[in-house]
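Next up is one chain by itself, shown in structure tokens, the form predicted alone.
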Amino acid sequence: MNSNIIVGSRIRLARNLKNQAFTNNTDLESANNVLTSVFNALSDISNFNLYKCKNLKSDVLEEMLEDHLISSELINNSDISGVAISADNTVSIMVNEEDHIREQCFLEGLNLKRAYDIISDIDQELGASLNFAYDDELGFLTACPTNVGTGLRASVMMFLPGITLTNNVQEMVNAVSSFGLCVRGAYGEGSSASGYLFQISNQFSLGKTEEEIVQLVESTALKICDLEIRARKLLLDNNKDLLTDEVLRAYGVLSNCYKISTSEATELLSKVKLGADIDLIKLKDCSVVSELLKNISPTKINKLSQKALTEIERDKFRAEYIGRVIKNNRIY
């Protein structure tokens, strides 16, 4: 059941170079020197694809953003920023975002410890050739005070329709906050919880070791899983008929609509995903719903169609694409 609730894990490390101004307080020459130094170090340690953001088209940057490989701040700094991405898209290293270096590893399911091991190895190799800004008392120095210390942010992406539909989100937020963690939307600070997706992560980096932070986020995620399972059972016990109707109506619209927006498709697919998870609707392969949710944004629809579409053309293509995939997976 946990694999249906914990969608993915991410470990991120924030690093800066010693004796260099932070990205938001630097000049063009210094920023480009940082970019060159980091790219040279990355070229020596692994087979990354290296991209300067100013050389990438807007739709490519948007797709990277949707896939969580880069941030909107990196795009805003496109004149001086870059990103290194592993061949399997599980590791991305942003350069000249808020900090000089943001190292990230993404893995499916609850895999924080494995993600930490991967990014920690990369960090050690980078640290061997780059001089990181470090204080013996404070730890790694970062642009934002909340990242000072280990510079580590551990986060899990969770699918929480049960907690949402039983109106217990605020109770969860309050409980998580008491552990020094925070709850955000799927795209981090300031984003909404679209499709019942929530990001749980540590709020501060100072005062705990990296291993302690990873363990805290993991143990909290497992507790939230238990709450979600109980919430889903409560929905089935008290509102099974209503929930079944909503799931099947969502499937019906997705199977037969002529056009559909990203937001409506996300809402309805998330209901079908919940229904499949708790056996209110039978699908040959439940993972197709998760794949559809990843591939229905305007950027992804344009890519699938292999041409630039107008908004109405995208909505029509999206409806046809979803309908074809989802109808072929229903078990009657």
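These figures come from a predicted structure and were not determined experimentally. In case it trips you up, residue 1 is the first one in the sequence shown, and so on.
Absent from the display: the form predicted in complex with another copy of the chain. The rest refers to it.
- Screening 148-156, 215-223, 245-253, 79-87 for residues having heavy atoms within 4.5 Å of another copy of the chain in the predicted complex returns a single hit, 245-253.
- Proximity of R12 to another copy of the chain in the predicted complex falls outside the 4.5 Å heavy atom cutoff.
- Though the partner is left out of this view, I312 does reach within 4.5 Å of another copy of the chain in the predicted complex, counting heavy atoms only.
- Residue contact with another copy of the chain in the predicted complex: C257 places a heavy atom within 4.5 Å of it.
- Although the partner is absent here, E66 is not a contact residue: none of its heavy atoms lies within 4.5 angstroms of another copy of the chain in the predicted complex.
- Residues are counted as partner-facing when one of their heavy atoms sits within 4.5 Å of another copy of the chain in the predicted complex; in 73-104 not one qualifies.
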